[in-house]
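Next up: a single chain in structure tokens, the form predicted on its own.
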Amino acid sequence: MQLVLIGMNHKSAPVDIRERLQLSCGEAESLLPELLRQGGIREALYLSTCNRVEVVARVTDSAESIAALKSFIFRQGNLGVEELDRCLYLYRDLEAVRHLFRVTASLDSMIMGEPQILGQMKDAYRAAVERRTTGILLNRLSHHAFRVAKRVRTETGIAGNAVSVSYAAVELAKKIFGDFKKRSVLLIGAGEMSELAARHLIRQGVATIYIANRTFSRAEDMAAQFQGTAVAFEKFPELLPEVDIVIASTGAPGYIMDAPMVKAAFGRRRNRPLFLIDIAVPRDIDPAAGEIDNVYLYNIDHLQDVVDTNKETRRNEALKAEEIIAEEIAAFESWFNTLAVVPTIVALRDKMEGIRSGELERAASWLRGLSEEDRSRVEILAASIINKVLHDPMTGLKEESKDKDALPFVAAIRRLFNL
């Protein structure tokens, strides 16, 4: 199959390494053509999210291509050799197919069943198609992965109570405060993750929501949607003495909140606890802020505790999903195996068609003596004979291809028919 998948995710690499790679991979779309310039890579798809960076590629030389892909990620993330060896995972052929199906169906997500990954996968595929870095294998594989995700979501209950990192953040805050009815929340960033957090907070009955964003109009739109209050981004530090919970999720390249900023807020907080949740990659909040008394700081990796509680309740549904994935892997493998016989089938039919056309041309002199209706019958008869002669060989090749045993038959047919 000559398919490889290489990458790192929240399981294999800590947040500080992922954020270094994610920063450089923010321009993943522009990096796609460069991938095809690496040794032996013929097709490529680049998936870059907060919790994973993965490259899927069709290669011509496995050893050379894998070395080229590792070198590529090494350069993009400025990673050390030891970090690279420790954090990267590698899958080949059907194991790569399995991993991609599990990722797209959200079985490999930090919180199983979250819906965002399917959209992110579709965006990655769309970018690859626009830059013409996919071909017959990755096109089919991507569409098959989308079908798997749809089956998993409709045929299992894994997304019945769909969760996300944002939901986990809210659940974590709820464990600290118990009741949100008298609590105020500041959301920094107005992207999809903040919007999801706002929905969960409203559902939990939070009293007040403030929304700060660099684009103020976006903060206003989101505030109107959730009955909150929009705040100019540069003024969010003024709210730190007032709010109980801060959820930060921006695309900033560095910290937007440091320890001195948080410490300054405590002069007016009267030692009331401040709960900070940093769900951004790269991180928005300096880890030193968590060392201040009465400040509780959690980053995206800490949410694993919430994830663990979800795993038990979703275990049975995940098993059903794995059965679906096993079925779909077999279907994809069957399709792939038929590719080996397609050129031979096409060549055989073309040769038979050439013989039919040639013989009809040689018989043109006596065919002209027939009526138009009789000539048509002769042509139909010749075509019918060709179809019947080809039926068994073609069917046999397709059947043999399902078990990967078609190559001897392909060789024999090409030799016997001089294709």
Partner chain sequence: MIGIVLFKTALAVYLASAVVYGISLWGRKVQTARIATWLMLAALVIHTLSFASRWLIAGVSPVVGIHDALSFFAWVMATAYLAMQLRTKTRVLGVFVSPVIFLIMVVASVKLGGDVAASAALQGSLVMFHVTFSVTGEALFAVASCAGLMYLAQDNMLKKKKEGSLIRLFPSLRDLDRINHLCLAWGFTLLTFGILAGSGWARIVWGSHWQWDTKQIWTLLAWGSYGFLLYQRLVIGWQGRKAALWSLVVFGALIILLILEKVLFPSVHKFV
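Positions refer to the first chain, counted from 1. Source: prediction; values computed, not measured.
What follows is about the form predicted in complex with its partner chain, which we do not show.
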| item | value |
| --- | --- |
| Contact check for I176, R272 and V295 against its partner chain in the predicted complex, heavy atom at 4.5 Å | yes |
| One residue of A159, I329, L172, I73 in contact with its partner chain, assessed in the predicted complex (non-hydrogen atom, 4.5 angstroms) | L172 |
| In the predicted complex, the one of H302, R153, H144, R131 near its partner chain [non-hydrogen atom within 4.5 angstroms] | H302 |
| Answer range among 84 to 92, 202 to 210, 321 to 329, 284 to 292 for contact with its partner chain, defined in the predicted complex as heavy atoms within 4.5 Å | 284 to 292 |
| Any non-hydrogen atom of T309 within 4.5 angstroms of its partner chain in the predicted complex | yes |
